[in-house]
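In the form predicted alone, a lone chain appears below as structure tokens.
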């Protein structure tokens, strides 16, 4: 593996006080500028000297990017709002508890106090080859080091692995997709609003990025519509350790039922591919059916169709199948251990 260093490269630190000022700086520096939110992903890149920007643009002083506000049709969360605020907000806990549950399971309390919702949904992949400075496809090279006979690939993709098998590590992203959230992006041409699932890109579209953000773009807010307020929610994250760890897999679902019949449903998973995946085929298959173990089995089997395991991550297939099943039926007993069972 690459040598780990802990001395950051020299850069110019800029601290704008408004979105307009931040956009001006982003336009000036272009690809040489680095956006700093909570900093937890950025500090790793900088201290390992893999990324060497000329300027770091710190957003922590921009008040308009912080806070949770009620709107005519739901809520709006500033991109610089901390994960702790998201997890503890009374309105989110009451109406959109899927998001508070997912935010509460990110890393540790100390990290949630510093990390932001915008940073969590925009963070880069944690593949150790890519993060270690290896010249892989995602870094502009011509090989995927994680997809070789001697590779360490226990945490890598089982779906949509087009050359790159790195996965998206966000916990809040699948919850926001299940809630049909909209991401607000400021660009040089004005404001752009995209669906949460449309914020992410797969390797076959652009292997060098996880999100649609281009140089100069700025994620400013996340809007959650009232349409899914008060739905029946399910979120589960499987990880090696109870704190700090990124997901081996997670699942989020939101549904409305009539009696025991599923009327409306949205399901998303993450850490199965380079982007959070909305499981539209599963949604279509279970809509109108009884919320039962049989329906859960159908959903689970359908969710992993086309999955291709690597040498050390075949466990993700039964794990994903069981998590999707549980997102339909809930968990009567057995706890996390049952999610691993084939």
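Numbering follows the first chain given and starts at 1. Since the structure is predicted, the reported quantities are computational estimates derived from the model, not experimental observations.
Just so you know, the form predicted together with a small molecule exists too; it's not on screen, but the next bit is about it.
*Asks:* Within 4.5 Å, heavy atoms only, which of 176, 165, 83, 269 is in contact with the small molecule in the predicted bound form?
*Replies:* Looking at 176, 165, 83, 269 one by one, just 83 meets the 4.5 Å heavy-atom criterion.
*Asks:* State the residue from 202, 151, 139, 213 whose non-hydrogen atoms include one within 4.5 Å of the small molecule in the predicted bound form.
*Replies:* Only one listed residue qualifies here, and that residue is 213.
*Asks:* Check 74, 233 and 284: does every one of them have a heavy atom within 4.5 Å of the small molecule in the predicted bound form?
*Replies:* Answer is no for this spot.
*Asks:* Given a 4.5 Å cut-off on heavy atoms, tell me which of 255-263, 85-93, 223-231, 106-114 is the interface stretch with the small molecule in the predicted bound form.
*Replies:* Among the listed stretches, the partner-contacting one is 106-114.
*Asks:* Classify residue 144 as contacting or not contacting the small molecule in the predicted bound form by the rule of any non-hydrogen atom within 4.5 angstroms, answering yes or no.
*Replies:* So residue 144 does not count as contacting the small molecule.
*Asks:* So, in the predicted bound form, is residue 218 in contact with the small molecule at a 4.5 angstroms heavy atom limit?
*Replies:* Result yes; residue 218 sits at the interface with the small molecule in the predicted bound form.
*Asks:* Is residue 100 a contact residue for the small molecule in the predicted bound form, using a 4.5 Å heavy atom cut-off?
*Replies:* No, residue 100 is distant from the partner.
*Asks:* Hey, in the predicted bound form, is residue 237 touching the small molecule, heavy atoms inside 4.5 Å?
*Replies:* Yes, residue 237 is a contact residue.
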